[in-house]
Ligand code: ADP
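Presented as structure tokens, the chain that follows is alone, the form predicted alone.
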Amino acid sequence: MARLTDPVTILKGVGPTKAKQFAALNIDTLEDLICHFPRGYEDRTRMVEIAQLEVDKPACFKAVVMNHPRTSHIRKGLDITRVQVADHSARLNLVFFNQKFTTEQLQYGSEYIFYGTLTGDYMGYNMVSPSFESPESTPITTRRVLPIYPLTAGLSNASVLKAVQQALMLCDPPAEILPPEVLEKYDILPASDAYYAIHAPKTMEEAEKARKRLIFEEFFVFSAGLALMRASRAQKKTPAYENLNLQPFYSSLPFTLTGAQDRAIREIAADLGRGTPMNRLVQGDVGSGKTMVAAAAAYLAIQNGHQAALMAPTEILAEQHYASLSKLLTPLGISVCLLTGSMTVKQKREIRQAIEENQVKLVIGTHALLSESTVFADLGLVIADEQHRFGVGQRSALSAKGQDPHLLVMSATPIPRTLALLLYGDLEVSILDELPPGREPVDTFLVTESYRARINAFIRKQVAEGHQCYVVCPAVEDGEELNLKAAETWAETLQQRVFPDLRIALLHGQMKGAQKEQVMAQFAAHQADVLVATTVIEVGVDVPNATLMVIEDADRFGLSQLHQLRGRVGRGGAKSFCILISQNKNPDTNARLKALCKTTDGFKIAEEDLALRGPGDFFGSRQSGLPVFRVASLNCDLATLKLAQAASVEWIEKMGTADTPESQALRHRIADLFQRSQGTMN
């Protein structure tokens, strides 16, 4: 009997070359192969007569070859083989492209079973490149539900299927991790049945039951992993903060906090007084006042004798935090410093010395905080701004500079509750769902290209009133995709042909970091009137003077991303506007964009975006933060996710640290999932 940890090379027909091809799919062992699940199925169980074949409906039929296959060489790289087959009901012409081998495999007068899709109309019907085999063939590829696997260059579906079937014959599938009561309560197939059924289902219903089991299993493992992480943190001890008096902090504020801010601060204070390390996410819409909540947390840490560190994703954001927080906290006797990569060696050395000697209580910076030469005297609180921009490794590296410091992460991306549970299941969540008084909502309009002259006039009007504008493009340069506005070309057009008298700046993600920082800083200092940019501005610069955002080809962005972009304006006292330009005629797309015009509630927009596009696309194509699942699809399995989360919480609470075979297997699987997800999960 083989073991799951054995390499795939023990399989017949898998030599070094094929092993390399499997490795390209992250398949090295028999377990990897058995866990390489089909991406879909072809139901080849439907057998019909030729006369019953329907256009565009795949089916199987049995027929006799009526002539010798003939191959015609059309041109270089194109051969066409034609053959006619028949049963008692009708005849049918088959066409094969670049499959000359069919002339030898299809014997005149012999009977075969074919699987394919009929094409054509009343002028004539045929079938292009159907699968076929003799009725005695084993293993069969027709008259069955055929799994279709993710492939790579050199690997055919047949070769993967053959290898998987061998692996299942040689060793037992992965061990059962779901307890009997969970299997019964949620009507879940046992592992021993599910792993066989997903690779060789007898019916589509059986395939669906197996898939449901494995989706449930993955979500259960992930949710249990988060629950165990939370439980292990709860066992850690840290001195409870005794001084939780925030009255001096509140008295120094030039404004009144919102009810949501007050609630979040009270939740943080309770965490800090508990005697275990805080792990809390403050999630709020753009402009909801997360920075003041972070300032209150830092104030409490410092009043209890510790240092606090706030890490921002860009230098300009770090500088803005430094400007606002030092103005707020310095009068309270709290020393604040800024540490960024662009500082001189001497500046960095002096600041790091002050941090190490405990002369500075609040340190604000970028990744420079993570360097080995940054040593804290007593780091008690870590604050990570724009959480989804920092991976778990970076947060851990900063936390490692203290003795189990408290952790506060902030996100301006509103995330629906189901997805928040998935992404931040190991964190407590505070939601800021109110905007500070005085902030006017941004008026949003959806228009077509026919409004271009009016838009240009409106840009000129805003600039004449002393304000600034953003123009966002979906592409960086021409040629990325046809008919899309490209930032580089559009900036040039605006400067030379439309607004020669205005100062136009350009910003995109392909620029070097220092160059980006410089452009953003210049725009913030009102050294440019119009900033033409890609979505690189989605997180970052705070320019209260910017009152207008024009988004070109708005249909190319997700709703949540459009909402984030819109949040760049409306940060000052002046009335602000967002204009979405789209030529897309699709009614669903227009309905989606109109939804953005109707509301400025980021959480409502996020729910709408999730329903329309699914979480796989929620953060854009290069989003980070979602775990790596083998079979579960976040786009369509959210109902199963909720069930699995409930089941895992029940199980962890009931079993705790029980040492059953299922719990041992579960811990092994948790470690495996979190290892595979490293670098993508936050």
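For every residue, the number given is its place in the sequence shown, counted from 1. Here the structure is a predicted model, which is why all the values come from computation and not from measurement.
The form predicted in complex with the ligand exists for this protein as well; it is not shown, and the discussion that follows is about that form.
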{"item": "Which of 285-293, 306-314, 103-111, 153-161 sits within 4.5 Å of the ligand in the predicted complex, heavy atom basis", "value": "285-293"}
{"item": "Partner proximity in the predicted complex: Asp542 to the ligand, non-hydrogen atom cutoff 4.5 Å", "value": "yes"}
{"item": "Thr448, heavy atom within 4.5 angstroms of the ligand in the predicted complex", "value": "no"}
{"item": "Exercise: Lys209 in contact with the ligand in the predicted complex, heavy atom 4.5 Å", "value": "no"}
{"item": "Contact flag, Leu257 vs the ligand in the predicted complex, heavy atom cut 4.5 Å", "value": "yes"}
{"item": "Selected contact from Ser326, Thr238, Ser582, Gln261, since only one has a non-hydrogen atom within 4.5 angstroms of the ligand in the predicted complex", "value": "Gln261"}
{"item": "Candidate from Arg439, His367, Arg144, Lys348 lying within 4.5 Å of the ligand in the predicted complex - any heavy atom", "value": "Arg439"}
